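This document opens with one chain alone, in structure tokens, the form predicted on its own.
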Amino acid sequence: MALRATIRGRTYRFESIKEVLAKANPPKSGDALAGIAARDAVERVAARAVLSELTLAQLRQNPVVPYEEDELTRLVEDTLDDQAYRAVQDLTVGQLREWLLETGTTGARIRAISPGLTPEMAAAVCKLMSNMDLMVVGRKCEVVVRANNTLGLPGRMSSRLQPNHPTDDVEGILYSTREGLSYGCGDAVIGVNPATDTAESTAEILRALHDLMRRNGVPTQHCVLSHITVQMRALSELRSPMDLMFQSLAGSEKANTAFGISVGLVDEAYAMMRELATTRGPNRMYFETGQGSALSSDAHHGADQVTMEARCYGFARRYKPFLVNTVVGFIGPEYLETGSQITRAGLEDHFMGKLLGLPMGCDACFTYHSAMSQDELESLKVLLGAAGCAYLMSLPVGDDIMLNYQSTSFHDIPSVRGLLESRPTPEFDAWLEAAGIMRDGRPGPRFGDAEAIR
């Protein structure tokens, strides 16, 4: 296989498809840290020229982590939809990009071929796209799912209400939850990152949130983001109510081992949720990802962070989740250093997840030692909303006092919805109107009144 391109009279040669994928990537501090980034802009152009001529069949035959070494590679290969794959196998990556961007290529047509795409294919085409390209195709890829309400419908943008508390004080969590609900937040999920990773604490928070939702008739889901084994114990042994089960995912077996998970363990959790979850709809799992997670545990196998992120989505789609979101700037500047890198990564992740059939949200965020401004963060939220992002985070003043990072505030959600003329999920929208929090999609008499929630 000739992996070379000539630019300005100089021939650039690449040793493998993995190297082409890495060097075609836009600049990322994580790829530079790993020593796999293009040396300059001209080498990056050469890598993209080579990548554009590779076929999807070649990408399937050359996963970045070999089949024999990695259970995620085996999972993707063994479950790929052959009929959908055969429809696209002869396309080059450049041709796939053009097809995705054609005005006649609808969301339904993209959904038809999605089960035949490997993560490496999604990552490859992503590298040939501009930010606007990623937004245009991401918006086309409508993914509709249902738990206790319906996520992903056209004209709708949801939010995760994140009422974290540094000591897991239940009253503090409930007050923050009531405040968020009063601003129209929380239709994707009320999800708490616990300070104490025990089954007892997880069960206590779940029961308190369940009671609040029941008393007020709030049509949403709740979740406590403890380790999946802790949640399994809270569900099976303590019989706590549980709408969604959560776990962070990575893009290689080695990285997932560092997280304390495997395909078999998540299969077990998924089966448990199908039997015991309090969710009414068929979608019961919640996953979070983020570029750089595999590199941070030295489990990236020499692959770039965009491709490793795409492999997270190949893992997630096995479980038909209700929520998936990339926590895009949370891991730190070692992996995404600047506002432009974080913005690009958020749009990349949203696009790749949607292309692979997932209901993608994003925690548009940054850690305090990153080179991103508040204005850049606000711009990213609007870009994601315009791209059809299913949901964003929402927390008090956008400042998480437990996890120490900057994200989306309760006030940001109605602002972005207003700019883009979008609404919450239909069920939650009707509840907000009945509660007087909203009136015809605009702030109502009880907007921002936490006492409106009992």
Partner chain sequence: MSALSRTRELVAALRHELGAQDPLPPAPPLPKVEPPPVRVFPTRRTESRYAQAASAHTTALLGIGHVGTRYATDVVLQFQAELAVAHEAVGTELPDDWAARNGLLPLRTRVADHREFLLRPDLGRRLDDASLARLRSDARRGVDVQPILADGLSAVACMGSGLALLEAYTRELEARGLTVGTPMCAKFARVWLEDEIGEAVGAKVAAILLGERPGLGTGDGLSAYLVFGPRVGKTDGDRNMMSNIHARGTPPEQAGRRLAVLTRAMLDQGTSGVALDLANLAAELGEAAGTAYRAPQKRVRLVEVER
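Numbering follows the first chain given and starts at 1. Since we're looking at a predicted model, the values are computed, not measured.
The next section is about a form of this same protein that is not shown, the form predicted together with the partner chain.
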Listed residue that, although the partner chain is not shown, lies within 4.5 Å of it in the model of the complex (heavy atoms), from E204, E179, D133, E288: E179
Position in contact with the partner chain when the complex is considered in the model of the complex, options Y313, F351, F246, Y183, heavy atoms within 4.5 Å: Y183
One stretch from 280-288, 185-193, 96-104, 366-374 that, in the model of the complex, holds residues within 4.5 Å of the partner chain by heavy atom: 366-374
Whether R60, Y85 and A387 all lie within 4.5 angstroms of the partner chain in the model of the complex by heavy atom: no
4.5 Å heavy atom contact, L33 to the partner chain in the model of the complex: yes
Partner proximity in the model of the complex: G357 to the partner chain, non-hydrogen atom cutoff 4.5 Å: no
Non-hydrogen atom contact L403 with the partner chain in the model of the complex at 4.5 angstroms: yes
Non-hydrogen atom contact D399 with the partner chain in the model of the complex at 4.5 angstroms: yes
The partner chain in the model of the complex - contacting residues of 422-454, heavy atom within 4.5 Å: P443, F447, G448, A450, E451
